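For reference, the chain that follows is the form predicted on its own, supplied as structure tokens.
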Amino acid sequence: MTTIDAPRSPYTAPAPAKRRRVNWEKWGWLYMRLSGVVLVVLIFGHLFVNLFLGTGVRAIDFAFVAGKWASPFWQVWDVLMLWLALIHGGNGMRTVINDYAHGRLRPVLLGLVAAAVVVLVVLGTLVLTTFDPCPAGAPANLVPDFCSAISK
């Protein structure tokens, strides 16, 4: 006959303590919600300034963009919008890939999405932060007309 130990037997060892790991899915989910709310404000602000203030879409040209990016406020606004949108989109693609890709294809696709996000964030940030519509020493025929007025 076999006997079963009592539930509070002194011979039962406690379960080993599990090391807490970062829950990336939770943080990704939270990021999507928070960045989505901030992006709505940034995008509608961007559209309001570019399309409704002044003379509308006809006013958007190189000079308009150069004038906006001359202000640190608009540089930060556009860099924040760029970073949040690209990371938000990359995180969304990660979710889709995790749902539908299997086997060896999944890490390849995740790596491609991550590489694309990093490259676009770096290039976009460089464009927004180093933009100079009137570079010193540029030939006069290659720069906009308003640059000659600035240099005089």
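Sequential numbering from 1, following the sequence displayed. Only a predicted model underlies this, so the values are computations on that prediction, with no experimental measurement involved.
There is another form of this protein, the form predicted together with protoporphyrin IX containing FE (HEM), and it is not shown here; the text below is about that form.
Between 120-128, 65-73, 94-102, 47-55, the stretch whose residues reach within 4.5 angstroms of protoporphyrin IX containing FE (HEM) in the model of the complex through a non-hydrogen atom is 94-102. Checked against protoporphyrin IX containing FE (HEM) in the model of the complex, the residues A116, M32, L110, I60 give one hit for a heavy atom within 4.5 Å, which is M32. Contact check at 4.5 Å (heavy atoms) against protoporphyrin IX containing FE (HEM) in the model of the complex: all three of G36, L39 and I43 pass. Interface residues of 46-73, taken as those with a heavy atom within 4.5 Å of protoporphyrin IX containing FE (HEM) in the model of the complex (partner not displayed), are absent.
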